[in-house]
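Taking the form predicted alone, here's one chain by itself in structure tokens.
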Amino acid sequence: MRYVKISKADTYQFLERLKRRGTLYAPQKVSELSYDFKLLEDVKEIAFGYPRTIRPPRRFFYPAEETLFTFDTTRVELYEKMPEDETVVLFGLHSCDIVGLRIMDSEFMDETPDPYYQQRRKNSIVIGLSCLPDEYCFCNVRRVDFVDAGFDLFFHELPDGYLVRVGTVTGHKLTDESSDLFTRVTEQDINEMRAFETKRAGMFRLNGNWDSLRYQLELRMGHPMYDREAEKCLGCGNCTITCPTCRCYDVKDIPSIDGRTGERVRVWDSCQFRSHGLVAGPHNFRESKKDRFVNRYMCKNAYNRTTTTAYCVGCGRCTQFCPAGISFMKNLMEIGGYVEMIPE
């Protein structure tokens, strides 16, 4: 892997140049407490020190709603609607979100490629950014607090700039094209990077790893936590909409008013909705709110073979944005037997 350095002032210049490579999105403040990846028009508006965005980056490749094709019943023809062939540049992804994208890749590209996701993903440029954890983060016990694949460049904060790891051929091209902005990494830069990582590791509220958690969950399907917490759940699906790895969807055929044509639309769905488990009959695989609540805990903690991680990457979104105040992290600690690690 190649390492270079860029100053903070030149980083803004680099962001300006990235606009030439495609549509540039980066984290920006959208309210007093919230951030989101937005089109970066003024590079000075970027939020380098953001904790997390409301919406995960998967939406750039797997939109909340998209038309897959239109059809004409009279001609008995359909017309596929592929995404625009444009490059999307995502700057500022934290390591947990990069692993989240790798999990999405494993589901939408590896075994049975989804052409719509694949089209958008192959044209993307992903640039990571180091971060400091807050009270909702537990990516460290998920072993995704440091990422070694899935990015073209990764920016590590230094006191006077960024140490940049180059991860792909595209990353090499980006730095070569702006070689006037990048310098060699010094021994002091390496020490500064190490100091930042040490500081960061000390800020996590949890230690250790949750490698055995999925087994604990399978062994404790009747744990009282499920009854207690499912009662609080509003069933709004906010936890799944904000999750970087949730991928359930529904497909609907929407006829036009002419009665002849129409479109097939794919929309995000949520396992927390009662309609999600409803099939013909009518039979519902997850009839009760508790059934749906348990399903999410089992799904998020299952093992993804491609990334060798759980599907939950410990980003903390589902807890921060839960209107019922349900803490996914605390509930997992309770059922996993990590009670000594529960924060105040």
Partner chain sequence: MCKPKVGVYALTSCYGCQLKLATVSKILEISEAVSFESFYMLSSASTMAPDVEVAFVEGSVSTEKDLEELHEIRKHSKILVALGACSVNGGVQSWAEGDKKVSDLHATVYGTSKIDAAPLQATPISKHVKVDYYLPGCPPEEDEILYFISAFLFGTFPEPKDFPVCSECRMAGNPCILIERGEPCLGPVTTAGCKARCISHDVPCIGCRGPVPHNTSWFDSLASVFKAKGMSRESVRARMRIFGAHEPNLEGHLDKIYGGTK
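As the structure is a computational prediction, the values presented were derived from the model and not from experiment. Numbering follows the first chain given and starts at 1.
Below, we turn to the form predicted together with the partner chain, even though it does not appear here.
Of the stretches 150 to 158, 234 to 242, 199 to 207, 167 to 175, only 234 to 242 has residues with a heavy atom within 4.5 Å of the partner chain in the model of the complex. In the model of the complex, at least one heavy atom of residue 322 sits within 4.5 Å of a heavy atom of the partner chain.
Taking non-hydrogen atoms only, residue 73 approaches the partner chain to within 4.5 angstroms in the model of the complex. Among heavy atoms of residue 66, none comes within 4.5 Å of the partner chain in the model of the complex. Using a 4.5 angstroms limit between non-hydrogen atoms, residue 81 is distant from the partner chain in the model of the complex.
Taking the partner from elsewhere, every residue among 55, 257 and 289 has a non-hydrogen atom within 4.5 angstroms of the partner chain in the model of the complex. Of the listed positions (218, 211, 253, 110), a single one reaches within 4.5 angstroms of the partner chain by any non-hydrogen atom in the model of the complex, namely 253. With the partner omitted here, the residue from 274, 122, 228, 194 that has a non-hydrogen atom within 4.5 angstroms of the partner chain in the model of the complex is 274. Contacts to the partner chain in the model of the complex (heavy atom within 4.5 Å) from stretch 8 to 36: 30, 31, 32, 33, 34, 36.
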